[in-house]
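As a starting point, one isolated chain is supplied in structure tokens, in the form predicted alone.
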């Protein structure tokens, strides 16, 4: 992971725009950058992988849904963002990591940026598994909890190096979360799930881009998709949210898609 010195190399084809074949993955995404900041808040994107039939989980996690090229691409996306965030469900399900390997950390440092992005977990009012390895990675960490969280009172210890932020509501509002990040000098956020967190940011009009890997697999199960149904009903049920296709790359049988949303007027 973060100690990896020799980065793996993968070949991709760019299908859209400007088709080209047999490109080095790192070179193909060397100029990757977050979307422009919308008025009044920092830009937000989400990076997800699903099967061909749209399942974003296998046995409760995204493990095994894609190949090694997608895992490298996930790290390349992280290079461009100030913070990498996830919902509490991901933390409960697995010891996920949000760090960069040494070569990409050095790339950020050479550009005058912190070697590692800030790690963010957004929780509601349920329990937080503070024994997860996420709390030990060598990067700044922010833990946002709801007002009724067992951690909200500050009476329970959390691992050192983690800054606790308590929301005024039981379910932290995405726009409030983004204001908290902006107040700490964070200029962009990459979400890596889960589906409930993705849905909350979409409903609040706070999702600007989607990076979607389609793994060449089928599950045909009831596993979650990349977005759960929006709490209280979707504002997009009758007027679907429109997106623009920015790019498409192929790695063997997998597709890497980038979509951009127009600014939303819906604030769920």
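Positions refer to the first chain, counted from 1. In this text the structure is predicted, and so the values were computed from the model without any measurement.
FYI, the form predicted in complex with a small molecule isn't displayed, but the following is about it.
Contact with the small molecule in the predicted complex, judged by any heavy atom within 4.5 Å, is made by just one of 181, 190, 123, 73: 123. Within this chain, residue 99 is remote from the site of the small molecule in the predicted complex, having no heavy atom within 4.5 Å. In the predicted complex, the small molecule lies farther than 4.5 Å from every heavy atom of residue 152.
Taking the partner from the other structure, the small molecule in the predicted complex has a heavy atom within 4.5 Å of a heavy atom of residue 56. Proximity of residue 44 to the small molecule in the predicted complex falls outside the 4.5 Å heavy atom cutoff.
Stretch-level contact check against the small molecule in the predicted complex with heavy atoms at 4.5 Å: of 111-119, 166-174, 181-189, 135-143, the positive one is 166-174.
Within 4.5 Å of the small molecule in the predicted complex, a heavy atom is found for every one of 61, 65 and 231.
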